[in-house]
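One chain comes next, on its own, written out as structure tokens in the form predicted alone.
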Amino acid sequence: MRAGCTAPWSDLIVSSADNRTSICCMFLGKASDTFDSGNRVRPLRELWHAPELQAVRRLQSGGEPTPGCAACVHSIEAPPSRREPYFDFSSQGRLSERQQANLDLARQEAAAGSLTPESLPLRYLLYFGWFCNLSCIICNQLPNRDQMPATLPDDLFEQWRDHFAAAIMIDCIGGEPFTIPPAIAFMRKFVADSDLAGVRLRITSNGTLLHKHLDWLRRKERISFNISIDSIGDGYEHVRAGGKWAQVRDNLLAACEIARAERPEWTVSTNALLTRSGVPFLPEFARFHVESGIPTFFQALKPDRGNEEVLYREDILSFPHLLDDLPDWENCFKQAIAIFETSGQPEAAKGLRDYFDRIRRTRAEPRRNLDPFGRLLGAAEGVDGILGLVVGSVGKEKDAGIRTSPPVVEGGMAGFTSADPDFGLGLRLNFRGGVPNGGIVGIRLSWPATLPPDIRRCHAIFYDFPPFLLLSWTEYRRGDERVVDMVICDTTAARTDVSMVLTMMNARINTRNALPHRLEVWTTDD
């Protein structure tokens, strides 16, 4: 049997807001429903043996393929030279007899490729809901928070308590768990249960409210605090809108002090999404962590419906041109890497260096340094011109209860209104004989700079699909217009007729979304 990722035998991700249970937060395929038809959390064995989870186990055992894992370095689909292990069954510290037995059985069943394992999950990641006290600009949950109010119930503790005793770790996540009453109630029960003393409680939090809960948390022997901060100081307060760095800093240091003085099995760590806004603060970020002895790690931004345009402005891994107006960006990376390397945090240094090298490689690609806005190839203008490009819609507008109006014209502009956050209209552009000049094309979309307060500019999105790749997305004001420039590459530079589709997505539900009043197609100046 070929061996792939071990997540399907070690982890269970139970999410309430999007009614989704899977084996990994990076999994993009079909997942099982968390709730049954009566809005109750389904029994653990039913979720653990769901057909959707079995399909992933079959894939990672070298069997029948299923979508959702292909882009992951842990998957069996990754080249052996790039594949990374996911879970280490052999090194989990001091365990109870039941924990050890469950770990041993999970190891055996992973090796055998069992589709319906008798072992129980070793790690539970419980997403209690998406409520939060911050509005972080890069949060992939934020756009849909109001439409997804469901939470896991606190009596999940009683329902699954016996199962938890065989686990190594339970991770409570939000949103922000300390703003979700069922999450707080669940954690209080967990902390107070002496039979679960050996099971680690991991809390993924923004850290802003931790000071209000440390007194009762300190009764738990094993806690790991995973605090998402993304930057520090002014950088933190820009990215994590509504948060105060001084309070988060004090909370981190207070938890570290309890760990040193009372709870040697507590751990405190942070994580940071790599953003353009955070780059100038990287050296200061590194100094804080080495001086406080808090380990950290870096992550790539995660796209989701509603936050695409934020990523276009902040995701320096996918769009490294965003660093063009930060002349000292390379020095910021180098300083931070050196601080981590010389102060005992080699993993943070390696993670940051890997991202730094990736950015430099991407920026050096010749296609990234072409200006396609040299010669106008054609344009569609006005209501008739734009609506003439519409070829269909995406979303769930046909589902019961979803209301969507067709594109209508008001005030001389075309637009749509939908209760479906995933609704959008596709604009198709046809290129006879292929995309010119090596496959690089510039798309310019224009709206009036000022719209009435009850109208939003629709989100202008290009979803990558072979053979097309979005190289850059830039928004700016020009006179009385708001302009979005996209640079798109046909990676095959095919010489045959080809089409690409831009998607004008819903910016706010039940609000009129204005389509652009002009679309231009450009190429390099010969």
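All residue numbers refer to positions in the sequence shown, first residue = 1. Nothing here was measured: the structure is a model prediction, and the numbers come from that model.
Unshown form predicted together with a small molecule; subsequent notes refer to it.
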Looking at 349, 440, 138, 252, which has any heavy atom no more than 4.5 Å from the small molecule in the predicted complex?
138
Ok, 271, 362, 247, 108: which has a heavy atom sitting within 4.5 Å of the small molecule in the predicted complex?
271
Should residue 206 be classed as touching the small molecule in the predicted complex when contacts are defined as heavy atoms within 4.5 Å?
yes
Using a 4.5 angstroms cut-off on non-hydrogen atoms, would residue 176 count as touching the small molecule in the predicted complex?
yes
If we define contact as a non-hydrogen atom of the residue within 4.5 angstroms of the partner, is residue 301 a contact of the small molecule in the predicted complex?
yes
Residue 240 near the small molecule in the predicted complex, any heavy atom under 4.5 Å?
yes
Given 198 to 206, 334 to 342, 426 to 434, 316 to 324, the stretch touching the small molecule in the predicted complex at heavy atoms within 4.5 Å is 198 to 206
